[in-house]
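Quick heads-up: it's one chain on its own, the form predicted alone, in structure tokens.
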Amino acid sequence: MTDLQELQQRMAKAVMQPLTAREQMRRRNSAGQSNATEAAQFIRPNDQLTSFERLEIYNRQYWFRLFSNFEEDFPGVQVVVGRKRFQALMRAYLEAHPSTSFSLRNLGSQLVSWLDKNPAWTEPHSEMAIEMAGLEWAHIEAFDNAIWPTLSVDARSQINAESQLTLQPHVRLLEAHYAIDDALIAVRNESGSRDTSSNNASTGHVSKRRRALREMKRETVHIAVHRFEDTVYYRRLAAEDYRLLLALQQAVTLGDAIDIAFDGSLVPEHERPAYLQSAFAYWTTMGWFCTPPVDREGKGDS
């Protein structure tokens, strides 16, 4: 390891240390060593700031950037649990799952599983918070994930019961027990006018939105989150559509997927061909079915 690499690692380790509850740099690191002593090893003081104070600037900037990004990614979760509780939840999560990538895109990738294992941060609204986090992460994936070539006319003409259809990587399928899609759209529409400073009008509006979310009646909803012309959309699905698409996403053959979709369905059997024709026409028009890239060995890229 070169001297430069060692310096970079020491700097990164110091900068990525969690802040105190007052959003200041800790006086000692996780090993119990003085951060002031460590800072003096590789940062010179100036006529206004000590080595520790100069290091603290980078430490705080790093964490404030994470906090800002996380808040932008999960405004719905913040409304469900409340701002003060969300701040504590956010810090606990980021300490448990610090950024490990050059991109902050993946910052919330473990949030759903973390919330599921740590319900104390969201009780008594844990189910709603977890489902909202799932929708918000699906939004990120739908915005960023790849778009593969859509099925050609020839490929569509050869589809049969044994076919395995591939959904676009940006199509995400969710089942929830609240109308979280409508709620998140409302939250995002309001976020552009909401001032995060002390604003009585906006604070009251957020409080009303939080009460409305928490008072939502339970209902089973199925949602497809997808991208079309660089915009993310939420589309409600019938239970049959959801089961069929989910089965296809799990590499089930088309014939078996159709059987899964209509198992216990109230759609009369004589109406099912027309139902499927209409559904597949829409999904094809939106380009949801695609051809995966082929690797050097001739296998589709999963």
Partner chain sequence: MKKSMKSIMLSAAVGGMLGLPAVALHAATPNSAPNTVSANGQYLGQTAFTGLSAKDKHSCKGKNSCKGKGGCKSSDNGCKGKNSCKGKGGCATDGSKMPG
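Between two forms, the rigid core is the largest collection of C-alphas that superpose within 1.5 Å. Note that this is a predicted model, so its numbers are computed, not measured. Numbering follows the first chain given and starts at 1.
From this point on, the text means the form predicted together with its partner chain, which you will not see here.
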Answer option from S109, S191, T150, S126, heavy atom within 4.5 Å of its partner chain in the predicted bound form
S191
With the partner removed from view, which of 80-88, 207-215, 109-117, 179-187 is the stretch that lies within 4.5 Å of its partner chain in the predicted bound form, judged by heavy atom distances?
179-187
My question is simply whether W121 lines the interface with its partner chain in the predicted bound form - judged by any non-hydrogen atom within 4.5 Å.
no
Look up in the predicted bound form whether T291 has a non-hydrogen atom within 4.5 angstroms of its partner chain, and give yes or no.
no
Considering only heavy atoms, tell me if F52 and its partner chain come within 4.5 Å of each other in the predicted bound form.
no
How about R172: is it within 4.5 Å of its partner chain in the predicted bound form, going by heavy atoms?
no
Which of the residues spanning 97-124 lie within 4.5 Å of its partner chain in the predicted bound form, based on heavy atoms?
F102, S103, L104, R105
After a rigid core superposition, would you say the CA of Y58 moves by 2 angstroms or more between the shown form and the other one, or not?
yes
